[in-house]
Every structure is written in C-alpha cells, then in structure tokens.
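The chain that follows stands alone, in the form predicted alone, written as structure tokens.
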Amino acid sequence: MSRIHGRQGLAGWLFMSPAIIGLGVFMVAPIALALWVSFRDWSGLTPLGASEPAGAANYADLLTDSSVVRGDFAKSLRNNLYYVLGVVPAQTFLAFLLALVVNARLLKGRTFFRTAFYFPSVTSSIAVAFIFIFLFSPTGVVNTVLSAVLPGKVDLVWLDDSDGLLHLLLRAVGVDAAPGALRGEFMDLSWWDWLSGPSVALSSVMILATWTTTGTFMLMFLAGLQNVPEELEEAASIDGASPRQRFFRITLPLLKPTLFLVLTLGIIGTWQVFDQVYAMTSGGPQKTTLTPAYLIYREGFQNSAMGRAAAIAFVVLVIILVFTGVQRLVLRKER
C-alpha cells in the first residue's frame, strides 16, 4: 500500500487534530490525572499541588490493610457483583425478546411499540427512581398487587430490607447460621456474607435498572436483526429449514457482534451504577446497596479522601477489563 506523505499527510493530521485534541484534553488527561491522584493523599479541599505522596497506601487501604474501608469496599464489590449477575442477563434477554417482537412483520403498530419500549431509557433516572420509591413503599402498588395475589397481607418494606435472597431461601429450609466451612473471612467479610445474595433492597434497584435499560439494548438488537440478509432466510426456507433451525443456525450466529456490544455496555454500565442507589437507598440498609461508584462519591466528597476514591475507580476499571476479556473469550470460543 502506498504511504500517505507530504501535504496529504499534513492535511489528514489537520483534519484529525480537533478530535485528537478533544480526546486528549477531555479523556486522556483526566485519566492520567486521576491515576496520579490515586497515589496521593489529597482531601480535595486544598490545591492539588499541596497534596502529599501516599505511595500505594490508598490501594492498600482497599485490598490488604484490615479496616472499615476495606470492609466497605468488599461489601460494595459483593453487592455490585450480584447486581451485574442479575441485571446484565435480565436486560439482555428481555431486550432480545422485545426486539424479536417489534421486528415481527405481522405486528401492527410496530412504531408505537418501539417507542413505548424505548421510552423508559430516555426518562430521567432520578425521576424514575422516585417513582419506584413510591411503588415499593409499604403501602405502594407492589405490596398491594402481591396482597391481592398471595394469601395474607404483604407489607414488606422493600427498600429497608437488608436480608439477602439466598439467606432467605436457606432460612426457609432451616439454615439460619453459617456452616463451619463458611466462617472464614476474605477482605474483612465472611464467606457467609459473600454468599448472601442480593438484598431485598438491592433487588428493587435491580428491577428498576432492568426496566430503564432494556429499551436501549432492544434498539441495538433490532438493528442487528434488520441487518440479517433476507436472502439467507429465504434460501434456508427453500432448503427445508424450520423457523427454529433458521433462528439458531442463521439469526443468532449473525447477531454475535451485537450480543458482544450489548454485553460489554451492560457490564460497564452495571459496574458504574450510582444514580439509582443515590436516589433510592444511599447505600443502605446496612450497606447492602453500597456500590463502588457510590463508595467513590462517599470517600471523595463526604470523607474528603480523593486519593482513595481515585484508587477505587482504577480497581473497578481493572475488574471491568477482566469481565470484558472473559466475555470476549467465551464468545470467541462459541464461533
């Protein structure tokens, strides 16, 4: 291939320079500055130049030194891990299902349904959070509907219940305390607490997140479905392939790039959840809805520990990269 040189190369760099400068100023420079701050002892209330070097102390507070900070960080990781495992599969499955529905040729009013399903995604997350607070209140719609369906009156305080779902299931079969094998600790949190499952309060936040994000991913799947060549579907139909065979042998394989995009964005978004937690629970009850993003806010703006907050951000970045890499390997092996 011929190389671009001379005036052509200069013109190309001139045209690219606004984007490069924008990325450098608003992305690369802030990331580099945050990484530097993570190795400093800075309260955020004084000039950054007056901060003191902290070495790896901020990371040690989170990962190695036994303290309340490490315990809170462990709780935030546990909560967010259950959040990811619950929200990402749910929103991906529902988005794909809705995309299949609104892509059906026989469906009347497809434009209306596409708009209706997408509408929650463009609504203010804080406004939706306050609506869900009323829905999940003791006298809210959720308890009213459950009371009408189930025997007895349901007066569950959803957003103030710290019991883990797995602990509740075990309690129902008579297991009230941790077995001997689960009495050890990891990062100042017992294995029994690690395996508690999402709390009732966190489950309410997960339902809200699934409802508000499904519409966006539905549009992505819809775009992928509309890019499937009709010629392949018709050829397979002529060859005698059933609708089920066409779906699993043609449609799904061609949607793998879209599936990778949806899963990647879903993982990134769920590990950054903040606004719903801030509006609905503020990390409670008993820190069972505390997430790394909310912990960053608390450490940086409430506890004046900006260095530790930056360290949390970079630990979460590594976690996101690991999840994305594993997901990429899994999807690649299935090709």
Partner chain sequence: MIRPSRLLTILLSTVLLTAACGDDGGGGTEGNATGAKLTMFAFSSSPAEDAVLRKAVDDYNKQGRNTVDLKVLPEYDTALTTALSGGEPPDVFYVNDNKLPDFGKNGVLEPIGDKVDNPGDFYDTLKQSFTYKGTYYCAPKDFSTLQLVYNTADFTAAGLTPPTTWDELTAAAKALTKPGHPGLVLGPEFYRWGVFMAQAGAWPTNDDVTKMTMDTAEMRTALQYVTDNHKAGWFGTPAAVGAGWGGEAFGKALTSMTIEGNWIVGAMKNDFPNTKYAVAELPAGPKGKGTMSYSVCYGVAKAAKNKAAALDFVKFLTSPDEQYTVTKEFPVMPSRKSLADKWLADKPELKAFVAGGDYAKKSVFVPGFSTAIDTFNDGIQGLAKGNKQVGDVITSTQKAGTDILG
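Residue numbers count along the first chain shown, from 1. Quantities reported herein were computed from a predicted structural model and do not represent experimental measurements.
Only in words, not in the display: the form predicted in complex with the partner chain, which the text now covers.
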Original post:
At 4.5 angstroms, heavy atoms only, are 162, 296 and 313 all close to the partner chain in the predicted bound form?
Top reply: yes
Original post:
Residues in which of 174-182, 208-216, 229-237, 246-254 have heavy atoms within 4.5 Å of the partner chain in the predicted bound form?
Top reply: 208-216
Subject >> Distance check, residue 62 to the partner chain in the predicted bound form, heavy atom within 4.5 Å >> reply: no
Subject >> Partner contact for residue 40 in the predicted bound form: the partner chain, 4.5 angstroms, heavy atom >> reply: no
Original post:
Can any non-hydrogen atom of residue 54 be found within 4.5 angstroms of the partner chain in the predicted bound form?
Top reply: no
Original post:
Does at least one non-hydrogen atom of residue 89 fall within 4.5 angstroms of the partner chain in the predicted bound form?
Top reply: no
Original post:
Can you name the residues of 260-291 that have a non-hydrogen atom within 4.5 angstroms of the partner chain in the predicted bound form?
Top reply: 265, 269, 270, 272, 274, 275, 276, 278, 285, 286, 287
